[in-house]
Every structure is written in C-alpha cells, then in structure tokens.
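Below you'll find only one chain, the form predicted on its own, shown as structure tokens.
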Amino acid sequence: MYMRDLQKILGGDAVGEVNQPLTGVGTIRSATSTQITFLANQRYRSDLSSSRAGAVIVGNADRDLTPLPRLVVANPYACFARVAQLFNPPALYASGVHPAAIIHADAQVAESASVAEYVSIGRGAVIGEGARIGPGCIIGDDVWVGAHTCLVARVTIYARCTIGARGIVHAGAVIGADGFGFAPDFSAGDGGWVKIPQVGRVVIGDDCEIGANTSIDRGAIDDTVVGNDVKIDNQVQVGHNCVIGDHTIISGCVGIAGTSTIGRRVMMGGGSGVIGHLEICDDAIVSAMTLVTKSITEPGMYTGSMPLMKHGDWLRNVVHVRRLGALADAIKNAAGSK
C-alpha cells in the first residue's frame, strides 16, 4: 500500500511517497522501511530523526519535522488506529455450526453465524447474522447476541441478557451473573445473610468491547445497562444496576459498585473504583488508582491517589496525614479561644 492509497482511504495530506509498498505498522523505534509509524506524543519527537520507518503519520504542527514520507492529519493517533486496522483485518470464519456444539431446538442461529466446538446455546436464544460464537461459550436461555458480534472463547452469558451488534467479548468474560445482593438478618442472634433474587438483565449496546475475565452483574430488579461504543478492559467488575453511558472507556482492574451511574465519554484509569449509588457526569476523567467516594458533577480530571515516592518518604508523610484531623481540631480550638 502506498501513501496515495492511504490518503484516498483516510484523507489528510500526503507529503512524499514511499519507495516500496507499506506492509504493516510499527513504533517509531522499531518500524522498518516497509512499515508506517506515527507521532502523537511529543516525548517521542526526538526519536523521529533516527526512525527507520518507511513513512509516518503526524499532526499539522509536526508537518516539517521529518523528511520521511508522511500523512499529515488532525488526529495522528486515531489515524494510526485506522491504518492498523487496514493492515490487520479481522479473521474470517466459516459460517455454520460445529458438530460438537449443543443448540436447543428453540434457539435461533442465523445461517451466516459461526458456532464453534463445545458451545452451548439455550432455549429461545437468538444469534444474529454474521455473529461468531467461539469455543466453549455458554449462552443461556433467551439471550440475544447481535449481528457480527464476536464472543472469543469461554464467554458465559446468563439468561435473558442482550449484547448489541458488532461487539467483541473476550475470553472468560461473564455477563449477567447475580449481583452481590444480601440483606442482613441477625436480629435473633443466630441469623445470617438473606439472598436478594437478582431478576434484572444485562443490556449491552452496539460496538462495545468487553475485556477478558471481566464480570458485569445483572440487575437486582431493573437492568444493568452498558451503552453504545463502551470499551471495558480486562478484569473489570461492574456491579448490579449500574448504568454506563455511550463512548465511555474503562481500564483494567476497575471496580464499580452497584447502582452507580457513569456518564457518557467518561475515562476511568486502571485500578480506580467507584463506591455504590454514585453518579459520574459526562466527560469526567478518573485517574488510575483513584477511589471515587462521592458523585462527580462537573467534567474534568479527578485524582485521589498518593503519588509515587520513596518508601521512607511515604512512611513519614503518612504519619502527617494521620494527624491532620487532630491538627485541624487544634487550629479550630485555638481560633475559637481568641
């Protein structure tokens, strides 16, 4: 593929032309003469002069930074993602049902769908056109899987849950397990926890991606809802009755407690968490390892984690943090005595 081909497909301004066709993508430091790279983070500007890439995608401000053939666009990172898709198209799978799959007689599987070995599809389930159900997936009764959605392998979808079109659910994900709902009953002294039946569903929109070993719990009464174009990383826990708005992206190991509402275009960093019954507004950004303990009502970046420091400094600073309450009381008492 030549620069003129990329420009025709993706737009932008092609400056120069490669001597040989491009065959793939690479990083600034590792790309070869038949690969195209990109510059979106300014910390890598100095690496561009020594790059052996055949071409580079740059923003308007970096148009003249390099003599390499280049595609000048408004958003180099997004353009690079689309170029990478061109060179790495999704694998094609033959339609049909593997003989080792178990499909209930009342299920509906589109003729164009691909169902792999050891899949179980329950009563009343609907598998859309061009969907791919990978090995070992378990699809419960009355589940709906949208057109061209891919369940990679060993995905479990509990009864009555739905996944929209063009989604990807990675291996080991569990959609629709019971939410963590128990009522305490210790009034008699020897009671225990009373399970609350979880009778809602999980409803996932179109164009979503769910990471490996992520769990999204079904609602206790109403549904847990994930909007369109939501991207959820690996090992994320979404509690029952959560609502996640369109275009939100959630990094690995995030935990969202039940009945939380996450707005549109929210970005949540790895390891962050949200306690239950809170709301995060549209366009908020939650930094990695931040615990959200109250609702966020204004867009912007929020950080609640202690920065990295040497262990000795951390110990000394934590001692001061633990004394802040007493210090505040002392200041208040001193001010009141005047």
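Throughout, rigid core stands for the largest set of C-alpha atoms superposing within 1.5 Å between the two forms. When you see a residue number, it is the position in the sequence shown, counting from 1. Here the structure is a predicted model, which means the values were calculated and not measured.
FYI, the form predicted together with a further copy of the same chain isn't displayed, but the following is about it.
In the predicted bound form, a further copy of the same chain lies within 4.5 Å of some heavy atom of residue 288. When contacts are judged by a 4.5 Å heavy atom cut-off, residue 222 counts as touching a further copy of the same chain in the predicted bound form. Of the heavy atoms in residue 96, none are within 4.5 Å of a further copy of the same chain in the predicted bound form.
A residue is said to contact a partner when one of its heavy atoms sits within 4.5 Å of a partner heavy atom; residue 162 fails this definition for a further copy of the same chain in the predicted bound form, lying far away.
Checking 49, 60, 42, 27 against a further copy of the same chain in the predicted bound form, a heavy atom within 4.5 Å turns up for just one residue: 27.
Although a further copy of the same chain is not shown here, in the predicted bound form the stretch 160 to 184 places heavy atoms of 168, 170, 171, 172, 173, 174, 177, 178, 180, 182, 183, 184 within 4.5 Å of it, in sequence order.
Core-superposed comparison between the shown form and the other one: the C-alpha position of residue 9 differs by less than 2 Å.
Superposed on the core, the two forms barely differ at residue 282: its CA moves less than 2 Å between the shown form and the other one. After superposition on the rigid core, the Cα of residue 313 moves by 2 Å or more between the shown form and the other one.
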